[in-house]
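In structure tokens, the next block holds one chain alone, the form predicted on its own.
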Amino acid sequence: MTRAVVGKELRVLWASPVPYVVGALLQLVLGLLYVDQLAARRQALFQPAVPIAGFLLLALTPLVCMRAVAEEARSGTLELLLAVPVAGRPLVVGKWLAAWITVLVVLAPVVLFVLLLEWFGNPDLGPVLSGLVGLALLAGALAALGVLASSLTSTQPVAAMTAFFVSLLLWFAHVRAEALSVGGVMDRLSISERLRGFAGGVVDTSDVAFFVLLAAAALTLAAAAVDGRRLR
């Protein structure tokens, strides 16, 4: 069931202009900002590309995920799927995998930056590999949040905005008011702080577990929301 959903979603996604537009915007903005960072640092480093790409994914991943469940609900096909019946979990997981794969394909040209660095310098491959792993995990977590937002509404723009603002809150979770004494807790919830370790060449199991658990929690809630539609 999950495999069928993944195949169908990939065909629908890549038949639309969304991945191409998202990919073009991501690579254009990332390329400009990354080259500017290289010029300022005067070093062949991949690390600056990781937080830049991560922040761009916050805005662009919701665009890929916004139609996942919302469009099915708007068009009425979700009710048909639930009447089969199709369990909420494989449906949600299939849509998430399709969105995650799409985001990874859109992100893949980042590898060209590594080739560029190899041409002009001798970069350390450790931070490069760990940075790519961190971006892949972040993309999976953001895709799960996007599917969750899409499962809560039948309007694509609302789903995209909801996912973006939730992701933005998690990105800046470590930025807190001085009056709050929850700094340690908020730091652990910050996806930007988690990504920083990967950018520095450190693959911490706690950071990996955080992104995996965040994705799992979002998908569990999304499956519950889809099953709730069946009950209604």
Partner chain sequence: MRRRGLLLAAALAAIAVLGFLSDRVHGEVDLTAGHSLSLSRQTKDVLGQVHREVKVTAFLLRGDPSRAQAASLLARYRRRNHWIAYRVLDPTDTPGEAARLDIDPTEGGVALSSRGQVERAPTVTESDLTAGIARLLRHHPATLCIAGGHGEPSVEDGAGPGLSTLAGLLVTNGYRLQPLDLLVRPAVPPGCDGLVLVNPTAPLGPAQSAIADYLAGGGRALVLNDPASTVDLSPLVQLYGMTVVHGLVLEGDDGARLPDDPLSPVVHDFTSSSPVVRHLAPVVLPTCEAVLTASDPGRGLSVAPLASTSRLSFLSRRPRDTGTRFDPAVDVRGPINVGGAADLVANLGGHVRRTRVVALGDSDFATNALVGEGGNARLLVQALDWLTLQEDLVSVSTNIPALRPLSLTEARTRYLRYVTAGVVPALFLLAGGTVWAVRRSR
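Numbering follows the first chain given and starts at 1. Just so we're clear, the structure is a prediction, and the values are computed from it rather than from any experiment.
There is another form of this protein, the form predicted in complex with the partner chain, and it is not shown here; the text below is about that form.
Using a 4.5 Å cutoff between non-hydrogen atoms, residue 169 does not count as a contact of the partner chain in the predicted bound form. The closest heavy atom approach of residue 63 to the partner chain in the predicted bound form falls outside 4.5 Å.
Though the partner is left out of this view, residue 38 does reach within 4.5 Å of the partner chain in the predicted bound form, counting heavy atoms only. Not displayed here, the partner chain is approached by residue 127 to within 4.5 Å at the level of heavy atoms in the predicted bound form. Residues of 144-161 placing a heavy atom within 4.5 Å of the partner chain in the predicted bound form: none.
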